[in-house]
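Just the one chain here, laid out as structure tokens, in the form predicted alone.
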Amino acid sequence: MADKTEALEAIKIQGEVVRKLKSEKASKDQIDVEVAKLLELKLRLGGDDGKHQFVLKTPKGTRDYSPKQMAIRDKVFNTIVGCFKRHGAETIDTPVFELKETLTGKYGEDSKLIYDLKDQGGELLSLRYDLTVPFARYLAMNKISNIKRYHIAKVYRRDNPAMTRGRYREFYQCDFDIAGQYDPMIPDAECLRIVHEILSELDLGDFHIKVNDRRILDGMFAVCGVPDDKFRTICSTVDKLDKMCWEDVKKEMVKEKGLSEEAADQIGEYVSMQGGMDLAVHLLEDSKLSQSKQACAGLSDMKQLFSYLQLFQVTDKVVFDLSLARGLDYYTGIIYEAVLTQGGVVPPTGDGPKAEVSVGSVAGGGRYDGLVGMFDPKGRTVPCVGVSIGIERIFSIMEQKVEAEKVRTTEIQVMVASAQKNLLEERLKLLTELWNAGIKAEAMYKKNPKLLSQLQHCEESGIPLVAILGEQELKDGMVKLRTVATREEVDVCRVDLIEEIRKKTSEV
């Protein structure tokens, strides 16, 4: 009893520590450490019976998926993979963790979001932050100079999660990349076409794809008076324009990052510009920007890109946007980001017009010609361009859209049922015949289930057909095949059953 009292007192004191840190707005890392201590004390306390009491929750920034959610997600994956294969990609896989040095210094200010693991057998490891850096390491390690690949896998970020907006600490990325030396902007345009195809096919609502070029950004920073050593940090601040207003972005540039007000104001003029090929032509004639060779090279490629996008019939959704920055350090040329402008989701009340679902960007990517060279012992470069589809954000919208709909969570084609008692063995025999023929089938795990219960299970689960056995059917060598949706029943000869099931399931 004394031990329990002491434990409760320790929990109370630790609770006060956590509350104080929160009220003082201490750093997130400091608060997390003290919260972990509090949870550990609560675990040690256990229940009244002395047994260990588990905290039944998923770790912060993660989630479980129900069968219905998995069915929706599989549908999204199939759409994405179908598109990747349509464009000739082959797939690879890499470890979920990499050597820490592989990931260090590749993500700019976001490097602080990498999950480091404890020393394992003399190796310092980190969970992968994305699929691009591991891909570059894979190319360098295997001396691959050209490949078109896709990779779907989980990545990890020690981010501040926003679950309702599809922002997690553990999440899937669906990447498509083209590696190799090709003529400018052809692979880049195909990546944008792929984003267009996927978002159109998923029918998530209206969207647009913002494009820019890291060379244009760097040229813009140079002519606006940003010191060379501040390019990347200012780029990271500009990258926040989709979440913050210009006044707050400017304040961060000037107050926190030491940029002059004059330079910030000049940047502000440029990042407000949007357009298409016409904007690229206009900026090539801009008195300041035309002084930068880097910017001119980027703008010329942007013109070329839009000419290919016209041929690919996607210019209706693509906009040249000088505010797009994407803070990752490894980008060297074209960068892009797809944003949903209307989710088209009915409000929970069912009243009023369809509402927009704000989930941020749902895809992003760009050109990273120098990344493979960072890993190659001889500095051999392999030009690369790619796109990453944000599956969790897309999934959060799909989930809301089909919330009230019935979603099939299995692919069972036929239920083997019995109309009378003592037919379990016959049901199992028929079930085996169907499995042997590759038919997706199941039967109830009861010796004598009621026929009504078996039929209701089919209706609730969305199973389209029921093969019903009865004593008379067994004598006659027949099976009664019932279509669940119409309740129509036909007697089928046992030897013809598999062919009839295949015929009917192809019609459903």
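From 1 onward, residues are counted along the sequence shown. If you're wondering where the values come from, they're calculated on a predicted model, not measured in any experiment.
Separately, the form predicted together with a further copy of the same chain exists; it is not shown, and the next lines address it.
- For the candidate set 319, 280, 125, 76, a heavy atom within 4.5 Å of a further copy of the same chain in the predicted complex is found for exactly one residue, namely 125.
- The partner is absent here; in the predicted complex, the one residue of 258, 95, 105, 225 having a heavy atom within 4.5 Å of a further copy of the same chain is 95.
- Note on the interface: of 83-91, 390-398, 214-222, 237-245, the segment with non-hydrogen atoms within 4.5 angstroms of a further copy of the same chain in the predicted complex is 83-91.
- Contact between residue 284 and a further copy of the same chain in the predicted complex is not found at the 4.5 Å heavy atom cutoff.
- Interface membership of residue 294, defined by any non-hydrogen atom within 4.5 Å of a further copy of the same chain in the predicted complex, is ruled out.
- Heavy atoms of residue 409 reach within 4.5 Å of a further copy of the same chain in the predicted complex, making it an interface residue.
- When contacts are judged by a 4.5 Å heavy atom cut-off, residue 116 counts as touching a further copy of the same chain in the predicted complex.
- Residues of 127-161 lying near a further copy of the same chain in the predicted complex, listed in sequence order, are 127, 137, 138, 140, 141, 142, 147, 148, 154, 156, 158, the criterion being any heavy atom within 4.5 Å.
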